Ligand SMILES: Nc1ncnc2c1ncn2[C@@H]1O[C@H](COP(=O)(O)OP(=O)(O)OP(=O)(O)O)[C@@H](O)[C@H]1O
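One chain follows as structure tokens, the form predicted on its own.
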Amino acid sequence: MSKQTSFFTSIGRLYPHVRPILPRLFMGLICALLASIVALTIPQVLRVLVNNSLQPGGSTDAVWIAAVVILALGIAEAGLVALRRQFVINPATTVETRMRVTLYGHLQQLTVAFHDRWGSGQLLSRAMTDLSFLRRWMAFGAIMLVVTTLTVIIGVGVMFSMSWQLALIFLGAAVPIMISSFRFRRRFSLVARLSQDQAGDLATTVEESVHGIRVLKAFGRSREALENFNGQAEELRQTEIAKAKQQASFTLVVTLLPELALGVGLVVGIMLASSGQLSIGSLVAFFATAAVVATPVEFSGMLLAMALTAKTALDRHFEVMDTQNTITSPDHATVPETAKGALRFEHAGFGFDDGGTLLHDITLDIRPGETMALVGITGSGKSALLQLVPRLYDVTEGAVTIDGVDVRDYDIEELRRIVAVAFEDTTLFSSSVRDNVLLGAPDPSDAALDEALDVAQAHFAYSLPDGVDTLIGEEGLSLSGGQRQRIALARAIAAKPGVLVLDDPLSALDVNTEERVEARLREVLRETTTLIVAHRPSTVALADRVALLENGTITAVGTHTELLAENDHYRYVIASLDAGPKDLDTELDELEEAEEARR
């Protein structure tokens, strides 16, 4: 959580975003202020009417004239309110869109370590809910807060001009209101922040439950998930109730005290009028003006709550925007003409910020065009080692080089063009098969698509309802685990990389499919340097050499046959590797196929 800042410090950070639309906002403010002045003018017309035209012998024409003037003023007030909306709504939505796009772009640039720490619901609530509230506050809350303040000041001045005694009574109610506002601001800020954070956590829970719906159903944990969600929802409800109570208490004060002041003022006003110190017209105009002023005073509770919530939204927004991207391109980046693909780890080490060293003194040479398998027990750091190559994480010691150049000296985009990755936990996008496969392809042609699908043995894509243009649904959950892995592998192959990094991409495939994929991979990987994490003996067979990761470092490198003969730990690791697919979806598919065959 960011450190506490003052209201004006937080709101001041919005200035660079609203600077281009300040003229429109200023015109909206002027229109709103003129509408309030027009509203304050109507009581003065009533005063003239009562003092001059409603006396014995007064002219009826004056009454009609006053009625026409009041009608014109009402129409003018309505027109000015409409103009205010026209001036501010479009630019406010423009600022909202620009801030949202900027936030999204910043999220794309931030490191994987940042996204590991932040819940997706928290980021979603900042990108959607907080920025939408800021837009409403810019278009309405901020302007009306200024106009309300000026209206009260001008109105009180007009009231003093008519009767200083009555004005003092009305002004006396302002003192406890000011004291209450300071207390309200402090308390409401805390509960508003808690509410917005809890809403973000709730959004994270919903997203995780939707994405993990198969797991919840498979393990029969839907009731427990519902109970957990109900608990979080109840906490948010209690916070919202506390927030409403704070606002209701303040509204009670700002509504009750002016009304009491008006009641006391009415008694005093009648006494002044009866003694001749105040005309009847002035008395009528005073209370009409007091009614106009009382409305924005009563409205101030809601406006102050909006302002404080807007401050919280801005603080939450800049918590993300202030996060520095630590993995960036150097000022003078290396851009090679061609990538040979010589990959080397030079005494490389890595550890997370909140933990100890995971990898240390990693020294490994992978020759251009060579396929190197990486094996080790679960939790040995294999996946972390792979992610150092495309700089999803940066080494904390030593270096990783491609063609003799430190990966930190490459332009980020160029490095990730050279290096393609396929993860064990596949992530597909809510788009077509074609778009997913050709996501990073330098040549997004049908020929490149067909070749990538053929290598990955993803021919099933052609039999989908709309072929390769079929929308595969959110995160590809309409496909089985094996199908998703094959699409992800095809995506990596279509990128035509110089270095291919595969994090056990065949774990969900059956043995026959895996054999066909391996046969095609041997053909297309002839000139591609490949580092592949292996969790199955059949995947190890794909490699030219094997590296053994033990206790966070490489302890042996050689062919599969050599390591089997010479290394006890390697034999232990190979014996513990899975022999078949690990994916639940694939296993269920195979069971269904077997059942159909029996029928």
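Numbering starts at 1 and runs along the sequence shown. This is a predicted model, so every value here is computed, not measured.
Although it is not shown, the form predicted in complex with the named molecule is what the next lines describe.
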Open item on the list: My question is simply whether Ala384 lines the interface with the named molecule in the predicted bound form - judged by any non-hydrogen atom within 4.5 Å.
Closed with: yes
Open item on the list: Can you tell me if Ile377 lies within 4.5 angstroms of the named molecule in the predicted bound form, counting non-hydrogen atoms only?
Closed with: yes
Open item on the list: Taking any heavy atom pair closer than or equal to 4.5 Å as contact, tell me whether His535 reaches the named molecule in the predicted bound form.
Closed with: yes
Open item on the list: Test of understanding: in the predicted bound form, would Leu358 fall inside 4.5 Å of the named molecule by heavy atoms?
Closed with: yes
Task: Sole residue of Phe429, Phe352, Tyr462, Tyr104 within 4.5 Å of the named molecule in the predicted bound form, by heavy atom - done: Phe352
Task: Heavy atom within 4.5 Å of the named molecule in the predicted bound form - the one residue of Asp510, Glu424, Glu518, Glu370 that qualifies - done: Glu424
TODO: Output the sequence-ordered list of residues from 536-575 with at least one heavy atom within 4.5 Å of the named molecule in the predicted bound form.
DONE: none
